[in-house]
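One chain comes next, on its own, written as structure tokens: the form predicted alone.
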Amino acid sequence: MAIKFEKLSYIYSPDMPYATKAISDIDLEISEGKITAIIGKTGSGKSTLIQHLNALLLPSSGTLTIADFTITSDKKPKGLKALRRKVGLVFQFSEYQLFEETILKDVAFGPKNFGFSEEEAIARAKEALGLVGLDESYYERSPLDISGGQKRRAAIAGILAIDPDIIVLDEPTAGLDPRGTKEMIALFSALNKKLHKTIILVTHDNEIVYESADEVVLLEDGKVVCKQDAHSFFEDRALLKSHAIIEPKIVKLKDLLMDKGLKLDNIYSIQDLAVALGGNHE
């Protein structure tokens, strides 16, 4: 499902003295079937941009096209409910949106809201919970009585239960410990590779971007600076320096070792590095 922004801008509080242009003249295509990371400093327009994807915000000007849906400044697309089934948006700290008395009921809420019967909604909820690693022992538990990482998984399951083609996640690892972060990365990869979902991540964590993303979109001051392959992006030292982007640890380590004379090509993970160092040692 193709996603295309054309000259899209958004102004908060237009026609007011404190009007603020959050994004400006965005021209961008997001690839279908890939994991795309949207990065940039706080205030660069990332969250504003993704809220257009299911018409939570309408452009102040310009156009957004998602498959057969078109969103413009003067109207929401026809079939808005159908669009929101196609594009699932998981907000930052989405676990705070859990509200039902049990996890199973909470995850089933979305499908019921989209017209599925109680039985179908429950079946979808159970399947979605299984996908995020929450088994039947969680079904009747209160969302208030599980860990932060488990709440995040339950919130993501609520989106998966409606089976969207595109899953948009705003800072999905914020507040998680290293183990929870690693589990989230594995989940994104599985959703993309096994279920063929298009994944869009908004994140400040460049380790996640390097490890899991196919492509990177860099925003600055509400504009697109570049879009390119994730590994090529982090190899562009001049670009990183000019935009004060911190290199992932694996890139820093690889550079240090290469400065010592080691030949390390195509190293994109700790596992790749371990294998390469074994070869160099031999």
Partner chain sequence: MNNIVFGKYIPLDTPIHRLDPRAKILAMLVMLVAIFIPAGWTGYVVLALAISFVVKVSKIKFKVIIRAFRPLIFMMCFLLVVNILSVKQGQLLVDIGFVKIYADAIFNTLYIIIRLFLMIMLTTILTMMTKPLDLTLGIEYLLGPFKRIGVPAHEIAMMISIALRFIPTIIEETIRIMNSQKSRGVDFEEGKLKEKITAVVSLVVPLFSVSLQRADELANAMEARGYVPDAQRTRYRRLHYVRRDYILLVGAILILLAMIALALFL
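Positions refer to the first chain, counted from 1. Note that the structure is a prediction, hence the values are computed from the model and not measured.
Keep in mind the form predicted together with its partner chain is missing from the figure; the text below concerns it.
- The closest heavy atom approach of Lys81 to its partner chain in the predicted bound form falls within 4.5 Å.
- Shown alone here, Leu56 lies within 4.5 Å of its partner chain in the predicted bound form, counting heavy atoms only.
- Taking the partner from the other structure, its partner chain in the predicted bound form has a heavy atom within 4.5 Å of a heavy atom of Gln51.
- Its partner chain is not shown here, but in the predicted bound form it comes within 4.5 Å of a heavy atom of Phe91.
- Only one of 185-193, 134-142, 156-164, 121-129 lies within 4.5 Å of its partner chain in the predicted bound form by heavy atoms, and it is 156-164.
- Along 15-41, these residues reach a heavy atom to within 4.5 Å of its partner chain in the predicted bound form: Asp15, Met16, Pro17, Tyr18.
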